[in-house]
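First, one chain by itself in structure tokens, the form predicted on its own.
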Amino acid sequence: MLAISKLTGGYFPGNPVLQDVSLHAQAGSLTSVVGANGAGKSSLLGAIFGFLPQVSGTIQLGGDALAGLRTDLVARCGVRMVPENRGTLPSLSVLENLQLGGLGLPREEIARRVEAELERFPRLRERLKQRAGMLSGGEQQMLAIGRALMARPRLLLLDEPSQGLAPLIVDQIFELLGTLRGGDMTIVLVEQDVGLSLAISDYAYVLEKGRVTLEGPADTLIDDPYVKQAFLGIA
């Protein structure tokens, strides 16, 4: 389980982006963090993954304390992040990007996991030898998620996976994310498309100006009058 308590953090001393943020995500659940641009959503993921230099409060994943750890140590605790810009290595092939996701595993296990991700993303099989930089935006997003899943993470962080993608591809990506719920992996999804994210989530938090202003089961929040008016455009 992911447990964040009174998390305050920012990029410069005395200038917090996040203020007293508390968040809990059960193992196997998909939790959304929604809000407008500049609300602090990406900074929250950065704090979890070790990108935010100024952090106070606690971040616990199971028995592991993550607050203040370097990114490589956070990754060793079983955390993977798909960043807003997708983070694929453009000069490497699709296969090489996937193999990097299993770095440190025996060769035979890497091969098995690559095959599992190609089953999950059939389009990547057709592009296996192609350089990642030549893929479409949707294909790069599939590759970024597939590479993260190669590690079989305990916690998967997703930052704006719909950004810059055609609506049809967005629907496919979110359909996939819905299928990843359950099991041992916890997912935290940051997304501007509030309707889509709430539709596939178990629980959700609304972040505004670095503070949690609303939280609850996703199927309850999607009917909340404030959420409807502020984020769904429904009066």
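Counting begins at 1, following the sequence as shown. Because the structure is predicted, anything quoted here is derived from the model rather than measured.
What follows is about the form predicted in complex with a small molecule, which we do not show.
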- Can residue 17 be called a contact residue for the small molecule in the predicted bound form at 4.5 Å between heavy atoms? yes
- Verify the contact flag for residue 179: yes if a non-hydrogen atom of it lies within 4.5 Å of a non-hydrogen atom of the small molecule in the predicted bound form, no if not. no
- Message: With a cut-off of 4.5 Å between heavy atoms, is residue 226 one of the residues that contacts the small molecule in the predicted bound form?
- Response: no
- Query: Could you tell me if residue 43 has a non-hydrogen atom within 4.5 Å of the small molecule in the predicted bound form?
  - Reply: yes
- Item | Within 4.5 Å of the small molecule in the predicted bound form, all of 11, 38 and 84 (non-hydrogen atom) | yes
- Heavy atom within 4.5 Å of the small molecule in the predicted bound form - residue from 60, 26, 56, 192: 192
- Which of these stretches, 194 to 202, 181 to 189, 166 to 174, 30 to 38, has heavy atoms within 4.5 Å of the small molecule in the predicted bound form? 30 to 38
